[in-house]
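In structure tokens, the next block holds one chain alone, the form predicted on its own.
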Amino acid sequence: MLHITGSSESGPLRDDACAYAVAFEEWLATRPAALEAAAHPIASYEQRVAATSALMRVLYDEGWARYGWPEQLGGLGGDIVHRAVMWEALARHGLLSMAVYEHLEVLAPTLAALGNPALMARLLPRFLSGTETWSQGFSEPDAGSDLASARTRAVARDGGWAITGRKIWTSWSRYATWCLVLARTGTTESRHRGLTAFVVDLRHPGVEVRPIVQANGTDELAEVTFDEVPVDAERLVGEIGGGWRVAMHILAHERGTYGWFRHNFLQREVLDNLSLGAPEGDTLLGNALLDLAAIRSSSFAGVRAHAADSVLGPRAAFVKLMLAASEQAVNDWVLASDPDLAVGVQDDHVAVNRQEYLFSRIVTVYGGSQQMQLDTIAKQILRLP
């Protein structure tokens, strides 16, 4: 078994993602016990999170999960390509999802780039190691798609801030330790220019997390209220009034590079259900495979852009649209392959397939609706009136 814990071994793998891929593949071939425990359908979301967290701990201790992150933040260097390699290989070896660690590729790049370096040096290793996880507090009951109208307020107090307000659809708050919260430090009329991003401890008195059970039975989302919750000045992300920049940085990943990480698990879903396929579903399967090929190509372009310190910008809207199409195409085929999915025997495989199918119905909404992505393409790329 290859252990990558010392600086003498980290250099070659840090500088060469291909060498990292080969070494990681050799380690995975030993079938570590934590991977075996996580790489099968787990109907209970709480148990799925626990199994994935245990795997993250092993990946961190062995060094694999530290590649692709800055050394000053507890990583071993390298870039997003290392992370793309790691999750692609894990999916190929049977892991069915990233679970709460999707936020490693949605929130963590922004925290690393714009967060307080000293704070992130303490908190990011806990995230990478599966010790503590994060949620995203953007949407509110009266500010969903119109994020600039957010009303949760942060008031300067005692060298820091006090946050009061309510967030909804906050992904992973049921399982999270920390929440990246977008709060208003300016007037309501200042719209996006009056927003600021903060790191909030969900364990603090004054925070209440109420899980929201979705139609698929999981509690991925939650409603979170903040009542005069104190936040130290070091937990500011970006600048005062710079919350919109933070939000756009996050959305560039959620709509762009995240497509790479998610599509690997859609491919895993196809492989795990091939035995169910019937000839009459071949057209749907073909559509799904074509959509997966498209998202694989477009999302890796985003990975390469990020590795080169560039961004996709409005082109990320294409990736978001193609990921939603892939998600629905794969699950349309799964349903066609198993028409009794809604009423079948509730073993873990069927239960997870059912969860995935029902989740796929909402993918044209989260992270910016399909209509918003089309509007972005029309205005910012095609320059239509």
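Quantities reported herein were computed from a predicted structural model and do not represent experimental measurements. Start at 1 with the first residue shown and count on from there.
Quick note: we don't show the form predicted together with a small molecule, though the next part is all about it.
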Using a 4.5 Å heavy atom cut-off, which of 355 to 363, 62 to 70, 29 to 37, 336 to 344 contacts the small molecule in the predicted bound form?
355 to 363
Could you confirm whether Gly137 comes within 4.5 Å of the small molecule in the predicted bound form, counting heavy atoms only?
yes
Could you tell me if Met372 has a non-hydrogen atom within 4.5 Å of the small molecule in the predicted bound form?
yes
At 4.5 Å between heavy atoms, is Leu221 in contact with the small molecule in the predicted bound form?
yes
Looking in the predicted bound form, any heavy atom of Phe300 within 4.5 Å of the small molecule?
no
Could you spot which one of Thr110, Asn264, Thr152, Thr170 gets a heavy atom to within 4.5 Å of the small molecule in the predicted bound form?
Thr170
